[in-house]
Ligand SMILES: Nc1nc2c(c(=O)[nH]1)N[C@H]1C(S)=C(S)[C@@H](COP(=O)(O)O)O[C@H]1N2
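One chain comes next, on its own, written as structure tokens: the form predicted on its own.
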Amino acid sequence: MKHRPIMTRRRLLKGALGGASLAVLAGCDNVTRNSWLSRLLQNTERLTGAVQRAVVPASALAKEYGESDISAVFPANGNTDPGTADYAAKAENGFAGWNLLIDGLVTTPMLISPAAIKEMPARTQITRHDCVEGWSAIGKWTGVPLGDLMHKVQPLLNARYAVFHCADVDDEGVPYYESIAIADCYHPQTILAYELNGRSLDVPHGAPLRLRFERQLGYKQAKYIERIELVESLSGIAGGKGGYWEDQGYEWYAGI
């Protein structure tokens, strides 16, 4: 597999956030460091998420479509290749050496291969992907319901979040990660997908495993997942905001 420069699009978006969308809030570095503003932003986001959850039942389904609605082209959003030697070697070997680790606040940690995941009962759903950049596309995803894996590892009572650690890093070596609430792991449309439109995921679309969290925006759909860590708090992970893009200023709760 040809080695390609990684994260160039992500780097541009990260820079744009710092220079444009976040400029309104971060026009002065001294302002962003004020504790009252930080608390205000965090409280506003929590309120937004709480209101959305109150209005939309936890069991509500994202709209599903028919085969005729599938987009002719489904863009590969975000990073399109982790670009590391380790990932390239595993991809060239059909991901035979890939294992997903599920650990943290669980009763029974699990190490499972994509092949073993494909032997579990699967769910197929045709849904619309909405990107924060303004485009959308409809695709048919097949994968294992994440709730089925949660039942196997048995989260502890103090587990509140599932953190998805990914194989890709940005050009500064910062790992990509994402997180969702434990309750959302059990939503029927939350799956670890291994197929798109009836074919195994390719590298640009997140092979061998990616998250499909259909009721939230595209940046929540983590790709190249290597580990799912169940935690009580997000504060000690990377920037502490619950995801790579959230650490740059995006909202953690991205409900649609």
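A residue's number is simply how far along the shown sequence it sits, counting from 1. Predicted, not measured: the structure shown is a model, and the values here were computed from it.
The same protein also exists as the form predicted in complex with this ligand; that form is not shown, yet it is the one meant from here on.
Participant: So this ligand isn't shown here. In the model of the complex, which residue out of A76, A116, M110, I126 has a non-hydrogen atom within 4.5 Å of it?
Facilitator: Of the listed residues, the single hit is A76.
Participant: Where does this ligand sit in the model of the complex: which of 88-96, 162-170, 143-151, 180-188, heavy atoms within 4.5 Å?
Facilitator: Among the listed stretches, the partner-contacting one is 162-170.
Participant: Wondering, does H205 line up within 4.5 Å of this ligand in the model of the complex on heavy atoms?
Facilitator: Yes, H205 lies within 4.5 Å of this ligand in the model of the complex.
Participant: Consider C131 of the chain shown here, and say whether it contacts this ligand in the model of the complex, taking contact as heavy atoms within 4.5 Å.
Facilitator: Yes, C131 lies within 4.5 Å of this ligand in the model of the complex.
Participant: Find out whether any non-hydrogen atom of Y219 is located within 4.5 angstroms of this ligand in the model of the complex, and reply yes or no.
Facilitator: Yes, Y219 sits close enough to this ligand in the model of the complex that at least one of its heavy atoms falls within 4.5 Å.
Participant: Indicate whether this ligand has at least one heavy atom within 4.5 Å of a heavy atom of R210 in the model of the complex.
Facilitator: So R210 counts as contacting this ligand.
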